[in-house]
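One chain follows as structure tokens, the form predicted on its own.
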């Protein structure tokens, strides 16, 4: 099979489906935004809490997809060609997601104890951290994180478009040279994001594993999302003629590896804190093992790790389109629970588990807007990059 013999453009039937999905996402987004507006009017504090966790979840899918894109440019291989277009489309949503950070910047005082001078004055730990935890520096770091990711997204997608028009060289070389520093920046950006936006909700607490947990979480959310989209797109041309069970097996193994990586980091953090048994560390887990949150913890142990781990051990399952998609969707649902478990107990200052309708509004609003943007970007380019240097290897993969 040769690249010249195939049409990689989106078929008319698939394009119709994508437009229909986009319309549905827009409707969901509008409903969610209406709920968010009502939430802001009736309970501003809950609005900002709900907005924060939903924003972090969907931003993680976009930024994580860009990380997989950069990893593929560095390592090569057929596996990355299959997910490249969905990953590029997800990455192109990052500039808009950067704009959606504005409500968090506006409502930071409702979220973070360090934003209140009286609390800082009464707490020696907050006094010590004041040089770092202050709004101007917080905003500078947020701009650096979101601006850096947006710049990476723009450059990678610009050079990818150049590759489509002019051939693989020198565009591929430019993308590969940027991807090494880009991945390093991504890891540091995720780390600072997790510290600034999540850990500082409880500024008296700290963990050296926290950033790695979010790195693994973004990687898992994004690969599960890319698998879900890949299987949906494979039902019609052009991917129905290109995608094989071996492509699916490759990305399924990546999801399996990230499930184990997340579990390793999670267990390592718990083990270090349990072994130390220090009063400045254990309250974080104590708050999450009471008031109903203990059941969320059990759901994460079994749903986020044990069940996906057991199922993804199967080689046959990772080659089954429908079953792997169901596992990927389930993992995405568990990622929602995980981010909620990280953010809300500290944002509510140790209150019992009590989900709000504003949480639903935030998820639908931000998720609907993000899905609408993603699907709009996905429809703009052929689903397979014909000039990718690994295109022949990808077409012959598993045949």
Partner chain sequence: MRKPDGVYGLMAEFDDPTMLVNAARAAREKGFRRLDAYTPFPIEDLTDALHLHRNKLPLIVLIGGLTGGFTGYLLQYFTTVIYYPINIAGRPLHSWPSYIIITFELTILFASISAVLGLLGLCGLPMPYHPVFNVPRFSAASRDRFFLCIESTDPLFDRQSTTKFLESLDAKEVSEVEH
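Since this is a predicted model, take the numbers as computed values, not measurements. Numbering follows the first chain given and starts at 1.
Separately, the form predicted in complex with the partner chain exists; it is not shown, and the next lines address it.
- The contact with the partner chain in the predicted bound form, taken as any heavy atom within 4.5 Å, belongs to 277 out of 277, 173, 117, 235.
- Residue 246 is the only one of 326, 246, 162, 129 with a heavy atom lying within 4.5 Å of the partner chain in the predicted bound form.
- Residues of just one listed stretch (197 to 205, 179 to 187, 91 to 99, 308 to 316) have heavy atoms within 4.5 Å of the partner chain in the predicted bound form: 308 to 316.
- Taking non-hydrogen atoms only, residue 271 approaches the partner chain to within 4.5 angstroms in the predicted bound form.
- In the predicted bound form, no heavy atom of residue 137 sits within 4.5 Å of the partner chain.
- Residue contact with the partner chain in the predicted bound form: residue 267 places a heavy atom within 4.5 Å of it.
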